[in-house]
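What follows is one chain in structure tokens, specifically the form predicted on its own.
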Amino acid sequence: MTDRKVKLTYPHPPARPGEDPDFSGITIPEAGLLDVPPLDLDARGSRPYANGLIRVLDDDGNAVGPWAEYLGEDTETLMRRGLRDMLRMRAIDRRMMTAQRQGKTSFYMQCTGEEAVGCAFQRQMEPGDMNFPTYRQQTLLVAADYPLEMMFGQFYSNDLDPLNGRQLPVLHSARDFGFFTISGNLGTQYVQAVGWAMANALSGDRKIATAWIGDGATASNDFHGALLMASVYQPPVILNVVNNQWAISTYTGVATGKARTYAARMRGYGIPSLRVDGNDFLAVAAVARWARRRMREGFGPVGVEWFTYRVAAHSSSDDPSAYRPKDDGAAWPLGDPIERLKTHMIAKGLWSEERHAQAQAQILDEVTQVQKRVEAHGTLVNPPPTNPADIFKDVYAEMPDHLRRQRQEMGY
């Protein structure tokens, strides 16, 4: 018998700063290979979908395969809206990163490179459905036509902020737009979504919940607790994992472990799961539509891994050059979601480079004008005057006696 030395393993990213980006270890199957499964798909039958990758747009920008046909006849309208949604989100990101660097707001998180996931998904939801998002899903609000004045108001915490400065700038809350209040504690929204879906099922409400989590936060206990509850009680909830390859400076391999995919991990709980090209707008829209139909027919929860890439820094407080190569997002083998949809629409005669340039300019101007109007109400550079008594408001439905006494002691 030979004594073997016990050793630890350390997952390593494809490349480090100063090295060339290397995504050669990622297997990218051809578009159109996977069919559309029946709505009553079970965990056992979902194995090829959890280990594969659902793609609609091929490398030449053509929509191919069964999932392309699943979207039906309204695809043209969907694509036009989707392209503008993604352009609007990218313009917001750029403007707000500049504003943060100017000291006008304290904190910001970009969605760059991931726009297709939220924008395409939200366009398949219906009024009353509830997203339980993370702090990188402003795309859901943009695609739900959330007023930009309110969004920017919260970024600046001025009098246009619907939350009156009670949240961090990126932790939105918009119940009327299907956007549950974001918690800064990662993973909590997964359990909340399952509980909300269970309550809806008990009340007979046919609305569905959609849970969102990043690849890094799947290492949290809330992720596993939610999967267990979903597996046991079978509520109408779509369990989304946005695998953008990075937590805050930590490569996705740390959270994946030895699992083949995050979809496979969810499948291990007995939940049918699919893995989707998250940079393919049409693939995201098709799978979101399928998942919602499954919920409406009462076939229980489904897990979806959106395979994408975080092009931007984790947040305005992060410097990705410390842990990954510069401009590695440009080497991502699944490309840029905006460019891919644009290429497809041009090939179908629905768009052109000239119209794209015009749309970019128009949307940037729209976003810029809204931003300027909102900034006139105050930023961190020139904050609006506030009443000290306001610190006691919007915390409790009924103010406790000890706070009432403190307010009176302050003379209010």
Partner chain sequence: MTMIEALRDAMDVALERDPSVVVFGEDVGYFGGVFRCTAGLQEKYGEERVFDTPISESAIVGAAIGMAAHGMRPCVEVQFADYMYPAYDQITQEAARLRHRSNGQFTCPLVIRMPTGGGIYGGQTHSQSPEALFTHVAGLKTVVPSNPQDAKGLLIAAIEDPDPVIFLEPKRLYNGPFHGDHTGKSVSWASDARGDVREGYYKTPLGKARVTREGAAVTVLAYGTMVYVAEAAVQNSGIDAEVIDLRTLLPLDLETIVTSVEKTGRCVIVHEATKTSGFGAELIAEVQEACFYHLEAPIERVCGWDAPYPHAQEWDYFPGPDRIERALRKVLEV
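C-alpha atoms forming the largest set that superposes within 1.5 Å between two forms make up the rigid core. Residue numbers count along the first chain shown, from 1. Remember, it's a predicted structure, so these values are computed and weren't measured experimentally.
FYI, the form predicted in complex with the partner chain isn't displayed, but the following is about it.
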Thr98, Arg123 and Ala286 each touching the partner chain in the predicted bound form (heavy atom, 4.5 Å)
no
Of these, Ala312, Leu148, Ala247, Leu78, which has a heavy atom no more than 4.5 Å from the partner chain in the predicted bound form?
Ala247
Just to confirm, with a 4.5 Å cut-off on non-hydrogen atoms, which of Asp222, Asp336, Asp328, Glu305 contacts the partner chain in the predicted bound form?
Asp222
If we define contact as a non-hydrogen atom of the residue within 4.5 angstroms of the partner, is Ser203 a contact of the partner chain in the predicted bound form?
yes
Contact test in the predicted bound form: Thr112 vs the partner chain, heavy atoms, 4.5 Å:
no
Non-hydrogen atom contact Gln192 with the partner chain in the predicted bound form at 4.5 angstroms:
yes
Check Asp390 for me: does it contact the partner chain in the predicted bound form (non-hydrogen atoms, 4.5 angstroms)?
yes
Residue stretch of 337 to 345, 80 to 88, 168 to 176, 112 to 120 approaching the partner chain in the predicted bound form, non-hydrogen atom distance within 4.5 Å:
168 to 176
Asp22: with the rigid core matched between the shown form and the other one, does its Cα shift 2 Å or more?
no
2 Å or more on the CA of Val395 between the shown form and the other one, with the rigid core superposed, yes or no?
yes
